[in-house]
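Given next, in structure tokens, is a single chain: the form predicted on its own.
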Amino acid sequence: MTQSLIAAHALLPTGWARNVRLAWNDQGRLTHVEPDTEATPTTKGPLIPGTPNLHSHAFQRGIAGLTEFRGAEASDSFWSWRTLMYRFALRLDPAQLEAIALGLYVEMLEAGYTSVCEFHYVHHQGDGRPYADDAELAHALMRAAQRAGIGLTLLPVLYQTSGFGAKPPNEGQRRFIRSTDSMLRLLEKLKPLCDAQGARLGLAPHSLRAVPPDALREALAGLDAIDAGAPVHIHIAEQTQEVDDCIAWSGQRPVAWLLDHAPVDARWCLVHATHMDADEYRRAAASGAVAGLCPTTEANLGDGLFDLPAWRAADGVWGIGSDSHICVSAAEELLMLEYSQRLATRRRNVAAEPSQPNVATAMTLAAVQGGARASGRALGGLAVGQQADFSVLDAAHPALASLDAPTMLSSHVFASHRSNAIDAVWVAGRPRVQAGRHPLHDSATAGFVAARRHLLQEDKP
């Protein structure tokens, strides 16, 4: 296995550097990062750190593009989309889930994601009964990640109620529901398996509307007994109706309630956190929690706009995820995030930093740092001790050719016309994508298409 290379240009945590020698050990950890070497470069394009995808529902890739119509209701919303998603989730079997996840994870790697946080909440059979092996669907996701060669943070989801005040779950949620004891038993079973695969195990209380306070407290205590540093992810404040319902239930907004009633710190990822007031922005950022932003999904579902300037002013940490996978492109998530902020503020280059005026460079570094924290893994970029995850931009791509390295990254994010401007991707020091293609591209794509076709046929009368 090749364990070193020389990059003519590489994006380090401190910024761009020239003639950088990278070396890593058998575990795929960087042992040497040396700029300004005199050796001849061995890569043609610039190196950028691998981007962690901090929020994924793999099965939802199967319905991407299939819900873009208005039903019988006068208006469409997140809640009507959710009904369609539930129908799809009720039909999945383990083989179909694995095929969809494998196709998705290959797509992710080809698009520059080198790891994924899988927010996994389809647990049981279609009728709601557990599988003989209670971890059957978790195993399917783990196999897909291992076959693709993408890093994994597995986040089994605790889901118990359909609304604030412990409202009973509805029929569409029957595959998701677990008692707290059942969840902790699942985590205990999965922990050694994740360790053996090099994956990280965490917990995802689905949302405040789906996990009552006592269950949240008990689940967090149980998680701490298994792994006190494990990541915790939660959907929160995604929709204005969710905020209104939380206020009606508790007298507080969702993020404020969570901060007052849970030990939120740097191991937490607040997914979406779209609708916060000024005090919530300040307090949540101060906690060290990562804001898990999923710009293309949030746009697709009409969630609203996160206030990135307010978050950054409070020194908040953020990362990106592809969530429902309406889009599978790290660059396009960054583009959508920046463009949404431009529309909201009527300014340009909103996410640039005083120390880094190139907005694509600033956003890439921020997304890597936030994604690493949310993943609970050593994915913090091209630095000693971090995992050797990186992408090589295609210097011959028409949008990038003849440009300097920082401008190549800008063109990759803002001007590559949604065509792949990534030449190679490495995960833990192993090449997973070469010449823009994953070795499993054709077979994984065929498996994904077959699984989706079968599920769509099941939906016909």
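Heads up: residue numbers just count along the shown sequence, starting at 1. Note that the coordinates shown come from a computational prediction; the quantities given were computed from them, not determined experimentally.
The discussion below concerns the form predicted in complex with a small molecule, not included here.
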query = Is every one of Met85, Tyr121 and Tyr159 in contact with the small molecule in the predicted complex, taking contact as a heavy atom within 4.5 Å?
reply = yes
key: Options 389 to 397, 57 to 65, 34 to 42, 422 to 430; stretch whose heavy atom lies within 4.5 Å of the small molecule in the predicted complex   = 57 to 65
Interface residue in the predicted complex among Ala366, Leu301, Ala351, Ala219, criterion: non-hydrogen atom within 4.5 angstroms of the small molecule = Leu301
remark   = None of Arg267, Arg178, Arg209, Arg377 but one has a heavy atom within 4.5 Å of the small molecule in the predicted complex; the exception is Arg209
inquiry  = So, His272 and the small molecule: in the predicted complex, are they within 4.5 Å at any heavy atom pair?
reply    = yes
message = Is Trp81 part of the interface with the small molecule in the predicted complex - any heavy atom within 4.5 Å?
response = yes
key: Asp323: touches the small molecule in the predicted complex, heavy atom cutoff 4.5 angstroms   = yes
inquiry  = Residue-level question: is Arg373 within 4.5 Å of the small molecule in the predicted complex, judged on heavy atoms?
reply    = no
